[in-house]
Every structure is written in structure tokens, then in C-alpha cells.
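One chain comes next, on its own, written out as C-alpha cells in the form predicted alone.
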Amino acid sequence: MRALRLIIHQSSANYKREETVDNKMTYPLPPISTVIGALHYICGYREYKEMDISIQGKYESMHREPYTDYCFLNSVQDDRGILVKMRNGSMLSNAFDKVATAKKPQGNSFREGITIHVDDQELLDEYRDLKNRKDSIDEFKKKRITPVMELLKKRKKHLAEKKKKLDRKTAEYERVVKREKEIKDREKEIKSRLDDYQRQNYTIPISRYRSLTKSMKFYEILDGITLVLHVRAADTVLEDILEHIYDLKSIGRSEDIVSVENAEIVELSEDFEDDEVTSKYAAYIDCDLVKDGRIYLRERNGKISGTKYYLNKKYEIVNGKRIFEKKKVLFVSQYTADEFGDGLYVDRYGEETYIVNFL
């Protein structure tokens, strides 16, 4: 079996687990899709190339690293967070201007200037003018529009009652119908002009203002990582990866820099003269190999140790969404194999003997 062996070191990394938010937990080793994505990227592939990956490795320690998380609220809150103005009101991005910052968790007011730090007085004045304009619009609705609409509503009711008593074939009936239509058109016109004025003078301008909150969150960070990866693919794909392997800058986050110690195409063996091989590394192992008894795990308190994961491998776009193919694997360490072949191979590198299990 021809395969590409990669031995990679990272001083630190976070292989983010998709389901974690507040505390961004890490997988103990990079998931399959992360490795495949990194290899596709360095080769410049725009379409998926079939490949299977064996992932094993180890890390020295793990710690938590704090970071500041910024979050846009769905609406503008006058009493909390950071008031910002988006440079493009139709999208959320880091292109914004800071207007003012609340000094306390609650009880502040950007509009009234209560316990806030002003970053841009001109934008703050604009925000306050918009809020004042909204009050004026509401007041105009209450004192001018609502009475007119109530009067039109009464006239419509009067005409409806009058219409019931008239013969449909009379000229008087036709005049009532015409008057009803004029009143409905008048109602629509008033409502449309008011909505248009409010949209242009308040709704659109204020939509560029947002409340931004920040909080302390954490990454789980692995330290002192060694990865042993084997790639099974078409010969042309293996050659492409080998040619571009030193373009590989990171696995995980962009700051999780890699150092490639070894990259070479090797022949994997299904024969092993010794009785068994015990791996020095932790690995993702196909659950079926453990179930079939081809991989033996270390037992703790009479129970088999290991963590089950459903890892993403590749995806298809279905109705605009990524649908991932999942692999059921067991993360294990100090495991032993004594029967090779049918997806389980041996690779010798110096004094090392690797158990290779493609996923």
C-alpha cells in the first residue's frame, strides 16, 4: 500500500469542536476534515479529491487561553455595551466606528449621557437626533394621524351602513361605493407617506447603529504537539501534496503554525513478523476495528478506555447547506494490534513502528 507519511510539530493548537461556544474546546488531534481541508488548500484544489487519512499523535500539556469575544446584539440597547456605527449598514463586520461606551453593566444612557465614555461626539449627537426624531414621529402619529384615521374609520362605517339600505341599481348606491373607495385610497396614501417618511428619516439611518457587547471567553490550547499523518490517495494527488507540503503553514487556527519534520511516500505493510505492535501515540481508530477485536485497548478498572467522536470527513452542498459525511471513531492511547490487513497497516520509520488506520 502506497501512502504519504507526514510528521508534523506544532508548539500549540486548538482544533475547535464545533458544538462549543463559551469555552472553545479542542479535539485531542485534528479532525479528519481539518487535515483534508489543509491539504486541499496547499494544492489549490477547487474540487474534492478522494483521500483517506490516518491521524495519530501526542501533546505535552493543555491550558486555557483567554480572549475577548465581541457580539452584536439584535437591537440597539441605550443602556449597555458599546454603541457603534456600521460603515456598511447592510452587513455585520469589524468595519465600524466606536461612538460611546457604557461604564456600568446597566443603568447607563447614551441618549441622556449618563455614565458613558464618549468616543465620537459628532456621531453621538447624530444618534441622539435620530432618537429625538423618532419621538417626534410618534408624537405626530398620536396627535395628527390617529385622529384623522379614526375619523375616516367612522365615515367608512357610516357609508357601509348606508350602503346596506340602498338598492344596488340606484345612482345613490354608486355614489356611496365611490366615496368608500376615495376614503380607502386616502387611508392608504396617509399610511404610505408616513411609512416612507419614517423609513427614510429614522429606520434606515438608525439601522447603522448597533450595540456591541464584549465578554471574556477561553480557548483550550494543546501544547507541544507531534502529529503523524498518513494519506492514501491517487498517485497524482500524493505527488501534489508532497510538492506543496512546505506551503502548509498551519493546522487548526491560522496562528497554529506547523513545522514539517518528515514528508515522504512510503510503502505500508500488511505483514509484521512480531506478535503484536503497541502504539506510542494516541489516535483516532475506526470503532469497528475495536468491535471486531483487531485493536486491543488499555483497560481501566475493568473497562475499556477511549472517547467516541463522530468526525466530519467531507461534505456535499444540498439546498445551499453543507451536509457532512461523519466517521464514527474512538480516540485511544496505548492500543495494540496483532492482525493487519484490510485497512490496518504497519509503517516503519527509523526505530518507530506506526499502526496506520485510514479513516
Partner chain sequence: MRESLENERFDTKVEPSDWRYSAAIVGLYKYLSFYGEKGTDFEIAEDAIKFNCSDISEEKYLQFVEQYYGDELQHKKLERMMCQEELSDDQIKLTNELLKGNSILKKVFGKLKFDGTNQEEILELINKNRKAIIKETYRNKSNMYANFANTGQLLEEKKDCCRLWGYYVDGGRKSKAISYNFDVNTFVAQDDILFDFIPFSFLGERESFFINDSFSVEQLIHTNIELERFIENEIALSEGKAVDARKVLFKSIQTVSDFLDYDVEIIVKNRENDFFETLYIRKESIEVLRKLKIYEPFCCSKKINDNYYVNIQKKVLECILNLIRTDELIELYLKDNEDRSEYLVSQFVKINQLICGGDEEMKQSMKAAYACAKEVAKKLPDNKRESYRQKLTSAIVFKDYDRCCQILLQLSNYSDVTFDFAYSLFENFEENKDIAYTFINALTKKKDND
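Residue numbers count along the first chain shown, from 1. Just so we're clear, the structure is a prediction, and the values are computed from it rather than from any experiment.
Here the subject shifts to the form predicted in complex with its partner chain, a form of this protein not shown in this document.
In the model of the complex, at least one heavy atom of Leu330 sits within 4.5 Å of its partner chain. Put simply, Thr68 is far from its partner chain in the model of the complex: not one heavy atom of it is within 4.5 Å. When its partner chain is considered in the model of the complex, Gly37 lies well away from it, no heavy atom lying within 4.5 Å.
Remark: His230 does not count among the residues lining its partner chain in the model of the complex, judged by a heavy atom distance of 4.5 Å or less. Site annotation in the model of the complex: the residue of Ser207, Gln198, Thr226, Gln77 reaching within 4.5 Å of its partner chain with a heavy atom is Gln77.
With the partner removed from view, the residue among Phe272, Phe72, Tyr173, Tyr202 that has a non-hydrogen atom within 4.5 Å of its partner chain in the model of the complex turns out to be Phe72.
Figure note: of the listed segments 108-116, 217-225, 134-142, 236-244, the one touching its partner chain in the model of the complex, with heavy atoms no more than 4.5 Å away, is 217-225. Contact residues in stretch 20-43 (any heavy atom within 4.5 Å of its partner chain, taken in the model of the complex) are Thr20, Val21, Asp22, Asn23, Met25, Thr26, Tyr27, Pro28.
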